[in-house]
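Next up: just one chain, as structure tokens, the form predicted alone.
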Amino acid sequence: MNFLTDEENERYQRQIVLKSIGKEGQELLKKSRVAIVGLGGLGSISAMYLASMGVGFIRLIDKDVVEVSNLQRQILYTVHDLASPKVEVAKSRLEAMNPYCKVEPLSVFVSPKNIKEIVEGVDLVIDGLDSFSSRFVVNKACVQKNIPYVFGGVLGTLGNTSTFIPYDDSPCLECIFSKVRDEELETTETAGVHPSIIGIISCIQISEAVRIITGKKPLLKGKLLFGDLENLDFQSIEIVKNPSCPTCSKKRP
């Protein structure tokens, strides 16, 4: 039985011929279920690429509406979408891009009360958030549910990303960022953000997500990648599990 239709085979032909994906990988993409938390710069790009690549189900989580200041970097939206909920605009646009992709919009803030609904039934979670308090909530749920979590963050001309695999005993987000507090950090509103670094980091997140879906080892498991556009410099550092991590360690501090 052919799992892909003739039209899908034609649509994804440039991916199917890739050795890293192939016919089997394309079918795995169609069967996959992904949650994208945050539909700003990172999340909107991830949503567009994953939908166009053939991910069968995408759950979008964001409470915000489209604002003028978003349009400089959040390429999923246009001036005609101003004041509209981001998740509704995204659902319409993604399903128009690829009718084989089902999109579920959740116009909610991430919180401990609704996080189970957010991650329920998905194969992986992609981070498009702009606060660590929300990320910690997502990270904890992913650890508890054994769901891979692809982290990403950008500010100014800097970006970083990593992939956390709970069931493979890799470190989690809180192992390395437990002391980070949002009130002590700059924001894109004060420091700005270059659209290019958003595109680079989000595309690396997409690559990691596709590797996980198609059964390959993510390249950023156990690594944190830093990118700096000012010097066009990219470096990765090894990260390890914190034995006293309050989220993923068997020992509690």
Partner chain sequence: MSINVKFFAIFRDLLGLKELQLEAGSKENLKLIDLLESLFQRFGEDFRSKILENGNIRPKVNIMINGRNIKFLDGVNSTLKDGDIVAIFPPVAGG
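Residue numbers count along the first chain shown, from 1. This is a predicted model, so every value here is computed, not measured.
From this point on, the text means the form predicted in complex with the partner chain, which you will not see here.
Any chance T5, M48 and I212 all have a heavy atom within 4.5 Å of the partner chain in the predicted complex?
The answer is no: none of the three residues contacts the partner (heavy atom, 4.5 Å cut-off).
Given the stretches 112 to 120, 75 to 83, 128 to 136, 95 to 103, which is the single one in contact with the partner chain in the predicted complex, using a heavy atom cutoff of 4.5 Å?
After filtering at 4.5 Å, what remains is 128 to 136.
If we define contact as a non-hydrogen atom of the residue within 4.5 angstroms of the partner, is M53 a contact of the partner chain in the predicted complex?
So M53 does not count as contacting the partner chain.
With the cut-off set at 4.5 Å between non-hydrogen atoms, does N70 touch the partner chain in the predicted complex?
Because no heavy atom of N70 falls inside 4.5 Å of the partner chain in the predicted complex, the answer is no.
Would you classify G40 as touching the partner chain in the predicted complex, given a 4.5 Å non-hydrogen atom cut-off?
Answer yes; at least one heavy atom of G40 falls within 4.5 Å of the partner chain in the predicted complex.
So, L224 and the partner chain: in the predicted complex, are they within 4.5 Å at any heavy atom pair?
Close contact exists here: in the predicted complex, L224 approaches the partner chain to within 4.5 Å, heavy atoms only.
Scan 163 to 196 and write down, in order along the chain, each residue with a heavy atom lying within 4.5 Å of the partner chain in the predicted complex.
Heavy-atom contacts within 4.5 Å come from E174, C175, I176, F177, S178, K179, V180, R181, E184, L185, E186, T188.
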